[in-house]
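There is one chain below, alone, in structure tokens, taken in the form predicted alone.
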């Protein structure tokens, strides 16, 4: 797997890795086989859309959880390391936000993040893989996160699945829909918000989209 902060850099790095493989094969008088699996672009943030989403999140608040749901989340949090980590990207880059989030975590008193972290729109990097990145190069894109499992819960884990089938997961999904719907209404009623999002998008993507999928790539049928 080859990763970089931006898709164009990753494509250039992949070409270098391919050269290294060819060179290693020549040096050892061996052969190698390259099989492309998948590729995804970095996500282009849109602060204009994020602000609209955040305002709606503030107005709606966060989902409320019962005592039983808190007990369930606390029990899950005891099964993995990192449940005491500070949530939100901003906490890792802004000292003031980190202090605020630390206080909010203490006030919550449990594993569920029953609070809204401050909006952060500074420089940041979070590794991961999502095809939302490719979408964000085609149109203005904004995202939100709603707590649907305990704090610090590792992704793609059995703990994630154990929450998804509960009211904790259901409440998060419904609440996310409400925030998104509220933002859509704002965008429909105020064309200036859409114009600001579009102007920011055009500036952020001026360099053009680099497709990370090689032109000769074909679908692979599993044996």
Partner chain sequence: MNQNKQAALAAVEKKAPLVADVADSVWEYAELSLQEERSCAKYCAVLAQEGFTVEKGICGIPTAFSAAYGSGRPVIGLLAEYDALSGLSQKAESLTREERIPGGCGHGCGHNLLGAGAFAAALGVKAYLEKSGVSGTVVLYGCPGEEGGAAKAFMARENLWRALDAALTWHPDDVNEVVTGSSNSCIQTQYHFTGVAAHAAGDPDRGRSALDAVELMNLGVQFLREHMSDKARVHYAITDAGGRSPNVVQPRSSVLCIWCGPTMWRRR
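Definition used throughout: the rigid core is the maximal C-alpha set that superposes within 1.5 Å between two forms. Model, not experiment: these values are computed from the prediction. Residue numbers count along the first chain shown, from 1.
Quick note: we don't show the form predicted in complex with the partner chain, though the next part is all about it.
- In the predicted complex, the partner chain lies within 4.5 Å of some heavy atom of residue 144.
- Residue contact with the partner chain in the predicted complex: residue 207 places no heavy atom within 4.5 Å of it.
- Using a 4.5 angstroms limit between non-hydrogen atoms, residue 116 touches the partner chain in the predicted complex.
- Although the partner is absent here, residue 199 lies well away from the partner chain in the predicted complex, with no heavy atom inside 4.5 Å.
- Interface residues of 177-192, taken as those with a heavy atom within 4.5 Å of the partner chain in the predicted complex (partner not displayed): 177, 178, 180, 181, 182, 183, 184, 185, 186, 187, 188, 189, in sequence order.
- The rigid-core alignment places the CA of residue 202 less than 2 Å apart between this form and the one not shown.
- After superposition on the rigid core, the Cα of residue 34 moves by 2 Å or more between this form and the one not shown.
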